[in-house]
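Consider the single chain below, provided in C-alpha coordinates and representing the form predicted alone.
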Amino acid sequence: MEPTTENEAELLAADAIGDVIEHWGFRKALGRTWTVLYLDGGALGAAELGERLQMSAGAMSTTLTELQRWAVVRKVWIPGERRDFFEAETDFWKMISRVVHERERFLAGSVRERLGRAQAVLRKTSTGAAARARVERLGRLMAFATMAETVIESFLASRRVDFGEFGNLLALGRQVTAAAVGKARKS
(Lines give C-alpha, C1' and ligand atoms only; values in the text may rest on other atoms or scores of the structure.)
Protein backbone atom coordinates (compact mmCIF):
# COMPACT_ATOMS: atom_id res chain seq x y z
CA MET A 1 0.00 0.00 0.00
CA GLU A 2 1.41 3.35 -1.06
CA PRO A 3 1.51 5.82 1.88
CA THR A 4 -0.46 9.01 1.50
CA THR A 5 1.16 12.43 1.81
CA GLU A 6 -0.39 12.76 5.27
CA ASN A 7 1.14 9.44 6.35
CA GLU A 8 4.52 10.42 4.95
CA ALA A 9 4.44 13.72 6.85
CA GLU A 10 3.47 11.94 10.06
CA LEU A 11 6.32 9.43 9.70
CA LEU A 12 8.80 12.16 8.81
CA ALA A 13 7.87 14.07 11.97
CA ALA A 14 7.90 10.85 14.02
CA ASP A 15 11.40 10.01 12.79
CA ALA A 16 12.63 13.54 13.55
CA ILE A 17 11.39 13.41 17.15
CA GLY A 18 12.58 9.81 17.41
CA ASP A 19 16.09 11.02 16.53
CA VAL A 20 15.97 13.64 19.30
CA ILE A 21 14.74 11.11 21.84
CA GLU A 22 17.41 8.62 20.76
CA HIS A 23 20.06 11.34 21.14
CA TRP A 24 18.90 11.76 24.77
CA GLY A 25 19.54 8.05 25.37
CA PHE A 26 16.04 6.66 24.92
CA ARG A 27 14.82 4.25 22.27
CA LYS A 28 13.79 5.92 19.02
CA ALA A 29 10.46 4.06 19.09
CA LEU A 30 9.46 6.08 22.17
CA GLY A 31 9.77 9.36 20.32
CA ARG A 32 8.11 8.03 17.20
CA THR A 33 5.13 6.65 19.14
CA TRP A 34 4.67 9.79 21.23
CA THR A 35 4.79 11.93 18.07
CA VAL A 36 2.06 9.96 16.31
CA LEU A 37 -0.16 10.26 19.39
CA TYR A 38 0.64 13.95 19.78
CA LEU A 39 -0.06 14.77 16.13
CA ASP A 40 -3.28 12.77 16.18
CA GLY A 41 -4.56 14.77 19.13
CA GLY A 42 -6.86 11.99 20.28
CA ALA A 43 -6.68 8.54 21.76
CA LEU A 44 -5.40 5.65 19.66
CA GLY A 45 -5.28 1.92 20.28
CA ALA A 46 -2.05 -0.02 20.36
CA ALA A 47 -2.93 -1.94 17.19
CA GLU A 48 -3.51 1.24 15.20
CA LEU A 49 -0.29 2.77 16.52
CA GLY A 50 1.60 -0.39 15.60
CA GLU A 51 0.13 -0.35 12.12
CA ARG A 52 0.91 3.31 11.53
CA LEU A 53 4.49 2.89 12.75
CA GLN A 54 4.93 -0.64 11.33
CA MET A 55 5.80 -2.06 14.74
CA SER A 56 4.92 -5.48 16.10
CA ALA A 57 2.32 -5.84 18.86
CA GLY A 58 5.04 -6.83 21.34
CA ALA A 59 7.27 -3.87 20.46
CA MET A 60 4.30 -1.51 20.70
CA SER A 61 3.28 -2.92 24.07
CA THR A 62 6.80 -2.47 25.45
CA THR A 63 6.99 1.04 24.03
CA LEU A 64 3.64 2.11 25.47
CA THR A 65 4.52 0.68 28.87
CA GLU A 66 7.78 2.65 28.93
CA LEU A 67 6.08 5.84 27.72
CA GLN A 68 3.52 5.49 30.53
CA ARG A 69 6.31 5.00 33.06
CA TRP A 70 7.83 8.32 31.95
CA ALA A 71 4.32 9.89 32.09
CA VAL A 72 4.47 11.12 28.49
CA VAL A 73 1.60 8.85 27.40
CA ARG A 74 -1.43 7.90 29.44
CA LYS A 75 -4.01 5.16 29.09
CA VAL A 76 -7.52 6.50 28.58
CA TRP A 77 -10.87 4.82 28.80
CA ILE A 78 -13.35 5.19 25.97
CA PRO A 79 -16.92 4.24 26.92
CA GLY A 80 -18.10 1.11 25.13
CA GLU A 81 -14.58 0.04 24.13
CA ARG A 82 -12.86 -2.98 25.65
CA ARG A 83 -9.37 -2.36 24.37
CA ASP A 84 -6.90 0.15 25.75
CA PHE A 85 -6.42 3.56 24.18
CA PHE A 86 -3.56 5.97 24.68
CA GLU A 87 -3.02 9.69 24.33
CA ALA A 88 0.06 11.87 24.45
CA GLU A 89 0.96 14.28 27.20
CA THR A 90 0.96 17.71 25.57
CA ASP A 91 2.64 19.72 28.33
CA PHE A 92 6.27 19.86 27.21
CA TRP A 93 7.37 21.27 30.58
CA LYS A 94 5.96 18.25 32.43
CA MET A 95 7.74 15.81 30.13
CA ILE A 96 11.11 17.52 30.09
CA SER A 97 11.16 18.33 33.80
CA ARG A 98 10.40 14.72 34.70
CA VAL A 99 13.35 13.47 32.67
CA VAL A 100 15.63 16.21 34.02
CA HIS A 101 14.47 15.47 37.57
CA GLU A 102 14.94 11.71 37.35
CA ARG A 103 18.05 11.46 35.21
CA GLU A 104 20.19 14.59 34.99
CA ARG A 105 19.58 15.76 38.56
CA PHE A 106 20.57 12.36 39.93
CA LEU A 107 23.64 12.18 37.70
CA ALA A 108 24.89 15.66 38.64
CA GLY A 109 24.51 14.93 42.36
CA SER A 110 26.18 11.55 42.02
CA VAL A 111 29.14 13.01 40.10
CA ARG A 112 29.62 15.80 42.64
CA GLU A 113 29.44 13.38 45.57
CA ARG A 114 31.96 10.93 44.05
CA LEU A 115 34.36 13.72 43.13
CA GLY A 116 34.16 14.95 46.72
CA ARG A 117 34.99 11.50 48.05
CA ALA A 118 37.93 11.19 45.65
CA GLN A 119 39.22 14.60 46.70
CA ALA A 120 38.94 13.71 50.39
CA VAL A 121 40.94 10.52 49.86
CA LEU A 122 43.66 12.38 47.96
CA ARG A 123 43.88 15.01 50.69
CA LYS A 124 44.37 12.32 53.35
CA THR A 125 46.68 9.96 51.49
CA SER A 126 48.79 12.05 49.12
CA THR A 127 51.53 14.59 49.68
CA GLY A 128 53.64 16.78 47.47
CA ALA A 129 53.05 19.22 44.65
CA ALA A 130 51.58 16.64 42.25
CA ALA A 131 48.99 15.58 44.84
CA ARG A 132 48.04 19.21 45.55
CA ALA A 133 47.62 19.77 41.81
CA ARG A 134 45.31 16.74 41.58
CA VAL A 135 43.28 17.99 44.55
CA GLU A 136 43.02 21.39 42.86
CA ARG A 137 41.91 19.83 39.56
CA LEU A 138 39.31 17.76 41.42
CA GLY A 139 38.14 20.99 43.03
CA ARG A 140 37.57 22.48 39.59
CA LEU A 141 35.64 19.40 38.50
CA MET A 142 33.55 19.60 41.68
CA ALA A 143 32.84 23.28 41.03
CA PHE A 144 31.62 22.43 37.55
CA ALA A 145 29.45 19.56 38.88
CA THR A 146 28.07 21.90 41.58
CA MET A 147 27.29 24.48 38.91
CA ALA A 148 25.50 21.87 36.79
CA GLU A 149 23.51 20.73 39.80
CA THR A 150 22.57 24.35 40.62
CA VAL A 151 21.44 24.99 37.03
CA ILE A 152 19.29 21.85 37.08
CA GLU A 153 17.74 22.74 40.44
CA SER A 154 17.09 26.30 39.25
CA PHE A 155 15.51 25.00 36.07
CA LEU A 156 13.21 22.66 37.96
CA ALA A 157 12.28 25.24 40.61
CA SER A 158 11.58 28.12 38.25
CA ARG A 159 9.97 26.23 35.36
CA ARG A 160 12.33 28.13 33.07
CA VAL A 161 16.01 28.60 32.40
CA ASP A 162 17.60 32.03 32.78
CA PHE A 163 21.05 31.96 31.24
CA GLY A 164 21.65 35.47 32.57
CA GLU A 165 22.48 33.82 35.89
CA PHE A 166 25.10 31.63 34.22
CA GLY A 167 27.77 34.28 34.85
CA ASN A 168 26.96 34.22 38.58
CA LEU A 169 27.33 30.45 38.57
CA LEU A 170 30.76 30.75 36.96
CA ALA A 171 31.77 33.18 39.69
CA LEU A 172 30.48 30.70 42.28
CA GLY A 173 32.51 27.97 40.60
CA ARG A 174 35.65 30.10 40.83
CA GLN A 175 34.97 30.69 44.54
CA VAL A 176 34.51 26.97 45.20
CA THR A 177 37.74 26.23 43.33
CA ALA A 178 39.64 28.90 45.25
CA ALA A 179 38.34 27.50 48.55
CA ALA A 180 39.38 23.97 47.55
CA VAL A 181 42.85 25.18 46.58
CA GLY A 182 43.18 27.01 49.92
CA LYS A 183 42.20 23.84 51.81
CA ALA A 184 44.66 21.74 49.79
CA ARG A 185 47.52 24.14 50.52
CA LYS A 186 46.78 24.09 54.26
CA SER A 187 46.82 20.26 54.28
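All residue numbers refer to positions in the sequence shown, first residue = 1. The structure displayed is predicted, hence computed values, not measured ones.
As for the form predicted together with the DNA, it is not shown, yet the points below apply to it.
Student: Heavy atom within 4.5 Å of the DNA in the model of the complex: which of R27, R137, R52, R123?
Tutor: Here the answer is residue option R27.
Student: Among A43, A46, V151, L39, which has at least one heavy atom within 4.5 Å of the DNA in the model of the complex?
Tutor: By the 4.5 Å criterion, the partner-contacting residue is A46.
Student: Would you mind picking out the stretch of 143-151, 127-135, 114-122, 54-62 that comes within 4.5 angstroms of the DNA in the model of the complex, counting non-hydrogen atoms?
Tutor: Heavy atoms within 4.5 Å of the DNA in the model of the complex occur in 54-62.
Student: Classify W77 as contacting or not contacting the DNA in the model of the complex by the rule of any non-hydrogen atom within 4.5 angstroms, answering yes or no.
Tutor: Yes, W77 sits close enough to the DNA in the model of the complex that at least one of its heavy atoms falls within 4.5 Å.
Student: Just to confirm, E104 within 4.5 Å of the DNA in the model of the complex by heavy atoms?
Tutor: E104: no contact with the DNA in the model of the complex.
Student: With the partner left out of view, is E87 within 4.5 angstroms of the DNA in the model of the complex by any non-hydrogen atom?
Tutor: No, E87 stays farther than 4.5 Å from the DNA in the model of the complex.
Student: Would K94 count as a contact of the DNA in the model of the complex, using a 4.5 angstroms cut-off between non-hydrogen atoms?
Tutor: No.
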